[in-house]
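Only one chain comes next, encoded as structure tokens, the form predicted on its own.
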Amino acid sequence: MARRVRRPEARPDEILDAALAVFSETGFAGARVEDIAARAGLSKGAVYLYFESKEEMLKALVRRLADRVVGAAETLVATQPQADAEKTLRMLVTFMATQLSDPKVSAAPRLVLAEAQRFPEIGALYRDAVIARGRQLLARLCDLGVAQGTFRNIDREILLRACAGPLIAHMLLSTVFSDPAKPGPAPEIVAQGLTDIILHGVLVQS
């Protein structure tokens, strides 16, 4: 009965949640729309009312990740009154480390990493919807730090790699390569350590 009274506007997210679960379990190529429909508690025909194909579901998952995670990061940075660049960078890295520690959040980027070589259009979408926005966000933050006399005027593209690489490693170590017998450090501890290392390459040398 609960499924019968679901709001229609909630169904796309329910389908995407089901698709992400099935994609993660079977791989994108092995996933079937009927399995996604069953996981969502819908008919196969009902799924096609919202998404034309598995590819469209995967694209929608990337866009949803961009809206929820990258959008929240942009808001976090934008809402800091008279932002201190160092403090804001620490907050940003902590936010991202916390998000990527959550298997429900990291499932989409992990799926893209696994499938982008076989489906380059998905990699291109992720680059434009997620990475490009992260690049712009870090560039603005770096510009702020330089204007404040806090950061050196470093290459913004190198800063992106310096931040993104450790966060991707943290995501994989917290999910794919996690050891239940030896839990890793809390996201806040990871973020503090990563930011300290990054800042020693960014701060003006005394």
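Numbering starts at 1 and runs along the sequence shown. Keep in mind it's a predicted model, so treat the numbers as computed, not measured. We call the rigid core whatever largest set of C-alpha positions still superposes within 1.5 Å between the two forms.
Only in words, not in the display: the form predicted together with a further copy of the same chain, which the text now covers.
When contacts are judged by a 4.5 Å heavy atom cut-off, Lys104 does not count as touching a further copy of the same chain in the model of the complex. a further copy of the same chain in the model of the complex comes within 4.5 Å of no heavy atom belonging to Arg133. Although the partner is absent here, Pro180 lies within 4.5 Å of a further copy of the same chain in the model of the complex, judged by heavy atoms. Glu34 falls outside the set of residues with a heavy atom inside 4.5 Å of a further copy of the same chain in the model of the complex. In the model of the complex, every residue of the candidate spot (Ser24, Gly27 and Val190) has a heavy atom lying within 4.5 Å of a further copy of the same chain. The contact with a further copy of the same chain in the model of the complex, taken as any heavy atom within 4.5 Å, belongs to Ile154 out of Ala139, Ile154, Ala147, Ala46. Of the residues in 74 to 100, only Glu86 comes within 4.5 Å of a further copy of the same chain in the model of the complex through at least one heavy atom. Relative to the superposed core, Arg161 undergoes a Cα shift smaller than 2 Å between this form and the one not shown.
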